[in-house]
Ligand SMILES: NC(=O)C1=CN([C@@H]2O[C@H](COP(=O)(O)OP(=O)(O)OC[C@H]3O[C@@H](n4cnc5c(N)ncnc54)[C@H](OP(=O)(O)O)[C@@H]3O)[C@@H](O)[C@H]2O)C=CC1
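Only one chain comes next, encoded as structure tokens, the form predicted on its own.
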């Protein structure tokens, strides 16, 4: 199966390498073309533009940073729409349902086929092929590309019409961002009250609140180390999009709103490119020693 892949950030790079490792032929494109070099070493070909990739491959996957990037790759000059007739486009970026629907309608109008397929999981699950894939759109296309999804993820869910994948992803990330803030507050409270935050991690891990995120992020947070598995600026973007979905459906979300403010504060402190767990830094006492 020959697959195109647009976007080689933290996630896209890991996913492309996985496909190559499992015998797929992959043609890659990235806005900064030099990012393609490492993939070429793994056996990928390079497309000069999104249009060139779509022209060459029956199936093209995109993994882009936000709604504006997702839209520009489709609609701009030399974009996906140029050669999409009879071809299939799978957008795995995290965007809002409106963005997904816009892309879907444009591709169908040009005679192409579309799936939205945002993923739950960050860098390590992407490397290990353990993502959870939230798919919506063309069911026949979903059945066709299942072999690729099976390589990229541990499970995929087909959620019906376009927009449902985007909404499910935003709900998941909204919960995750809210939990990360509660976790940060707990670690800080333990430490300031004279308790060992490390012991808190052990207590949490043995109880009903035990979860993969606390287990993975807790130890690095205690070292004030935040290598970006999922950049904080993207988490804040997802909180914003989830709150907008709450507005549309008249759902009161005070906890998510407060979490969003904390992520915005972290961005204003220059932490946007660090892991989203760096929101922990917003709780540190200001340093008066200077």
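Residue numbers count along the first chain shown, from 1. Everything numeric in this text was worked out from a predicted model, so none of it was measured.
Beyond what is shown, the protein has a form predicted in complex with this ligand; the following relates to that form.
- In the model of the complex, at least one heavy atom of residue 69 sits within 4.5 Å of a heavy atom of this ligand.
- Although the partner is absent from this view, residue 11 contacts this ligand in the model of the complex, with a non-hydrogen atom inside 4.5 angstroms.
- This ligand in the model of the complex comes within 4.5 Å of a heavy atom belonging to residue 29.
- Contact between residue 35 and this ligand in the model of the complex is found at the 4.5 Å heavy atom cutoff.
- Of the residues 53, 44, 239, 64, just one reaches this ligand in the model of the complex with a heavy atom at 4.5 Å or closer; this is 64.
- The contact with this ligand in the model of the complex, taken as any heavy atom within 4.5 Å, belongs to 121 out of 112, 121, 79, 186.
- Contact with this ligand in the model of the complex, defined as any heavy atom within 4.5 Å, is confined among 156-164, 121-129, 96-104, 140-148 to 121-129.
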